[in-house]
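Single chain ahead, by itself, as structure tokens, in the form predicted on its own.
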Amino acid sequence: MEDIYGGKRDVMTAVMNRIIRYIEANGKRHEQETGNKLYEHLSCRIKSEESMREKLARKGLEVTAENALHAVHDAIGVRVVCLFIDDVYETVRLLKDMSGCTVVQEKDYIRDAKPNGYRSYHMILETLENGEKYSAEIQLRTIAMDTWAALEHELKYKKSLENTELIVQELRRCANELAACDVSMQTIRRIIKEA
């Protein structure tokens, strides 16, 4: 079976690593200037062969390297988990200033949560390498948002659940409580900074 990325994994890895190094460098600079960490942790991945093939098929797209690289924009994925909401937006601002990258799409699910309660900030960055465009999806969220998303993901893939309506309501309630906690923690941080 031919590689779904048509032999471009090395270039994709280089793009991913450049984004990670940029975030890490700005995180270090931010911490030196403010004394506060910009993010708690970073993770990254190139979507697996199986997952990409499944996604292309689900979207009704032909399973080709061209579609894997250009019709779907999350072959390269980076997640930034921050302590505070303000840090999410500061990281978004920094990514918009990243040389050689263009933000082609943004979705602010922090200010406008999904109906199930999901909160996060998504960006699609595009960069040119060897004359070819590569996209990366960046997800930015707080620890509370990340915890909720991980638990929701785990529960979503359980088969033959009863009381799904109740589960959906409870997940939404938990998401709202965690969002309120995020806002409270941000407020406490601001009070401490102003003191």
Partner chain sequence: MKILLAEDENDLREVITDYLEYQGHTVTAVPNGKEALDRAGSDAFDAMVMDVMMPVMDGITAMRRIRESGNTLPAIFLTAKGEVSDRIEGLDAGADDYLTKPFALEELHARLRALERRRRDYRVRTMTLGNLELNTETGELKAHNTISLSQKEVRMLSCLLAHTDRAMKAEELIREVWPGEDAGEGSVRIYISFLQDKLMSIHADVEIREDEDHSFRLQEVPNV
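Numbering follows the first chain given and starts at 1. Quantities reported herein were computed from a predicted structural model and do not represent experimental measurements.
We do not show the form predicted together with its partner chain, though everything after this point is about it.
- If you check its partner chain in the predicted complex, you find no heavy atom from any of 11, 14 and 61 within 4.5 Å.
- Contact with its partner chain in the predicted complex, judged as any non-hydrogen atom within 4.5 angstroms, is confined among 120 to 128, 103 to 111, 90 to 98, 72 to 80 to 103 to 111.
- Among residues of the shown chain, residue 171 is not one whose heavy atoms approach its partner chain to within 4.5 Å in the predicted complex.
- Looking at residue 20, you'd find every heavy atom of it more than 4.5 angstroms from its partner chain in the predicted complex.
- Within 4.5 Å of some heavy atom of its partner chain in the predicted complex lies at least one heavy atom of residue 190.
- Though the partner is left out of this view, residue 24 does not reach within 4.5 Å of its partner chain in the predicted complex, counting heavy atoms only.
- No residues of 52 to 76 lie near its partner chain in the predicted complex, the criterion being any heavy atom within 4.5 Å.
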